[in-house]
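Let's start with one chain on its own, the form predicted on its own, as structure tokens.
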Amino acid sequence: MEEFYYSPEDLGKFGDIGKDAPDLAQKFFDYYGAVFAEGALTEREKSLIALAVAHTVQCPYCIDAYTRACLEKGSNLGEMTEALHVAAAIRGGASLVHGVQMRKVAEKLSL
């Protein structure tokens, strides 16, 4: 049997995080449920955001869960891919803008 660090079956065990801290887990799950409930954004829109963020934080469980959620809520692969590109652009831009800090330090030290 082949083993992987991230096993798709482990996603189903997410609820087990409350085993040793049930009160804290319940607070998290209540909050999580409230966040993903229909509000100013639709559940579909929230799933697209979650999918993009999942790629940014590189969580394979979240990518799996929100790929499924997006499809179940009516998103298509084009929309999902575009959301991923938005996240990638923000992540790349956030890295590049720190070049300003690099330049400031380099210029200060070069004096």
Partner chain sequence: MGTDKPGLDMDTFSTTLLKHGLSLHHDVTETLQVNVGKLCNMACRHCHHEAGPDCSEIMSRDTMEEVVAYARRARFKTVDITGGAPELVPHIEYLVGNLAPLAPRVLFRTNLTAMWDHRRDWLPQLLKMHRVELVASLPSLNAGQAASQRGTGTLEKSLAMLRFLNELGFGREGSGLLLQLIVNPSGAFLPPGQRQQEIKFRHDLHRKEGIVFNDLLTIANVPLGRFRRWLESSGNFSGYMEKLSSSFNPATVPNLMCRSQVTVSWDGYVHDCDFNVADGLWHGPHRLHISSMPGGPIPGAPIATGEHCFACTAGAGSSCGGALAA
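Positions refer to the first chain, counted from 1. Source: prediction; values computed, not measured.
Not on display, but discussed next: the form predicted in complex with its partner chain.
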Proximity of N76 to its partner chain in the predicted bound form, heavy atoms at 4.5 Å: yes
Distance check, D30 to its partner chain in the predicted bound form, heavy atom within 4.5 Å: no
Its partner chain contact at R44 in the predicted bound form, heavy atom, 4.5 Å: yes
Residue contact check: L71 to its partner chain in the predicted bound form, 4.5 Å heavy atom: yes
Members of 3-24 lying within 4.5 angstroms of its partner chain, judged by heavy atom, in the predicted bound form: none
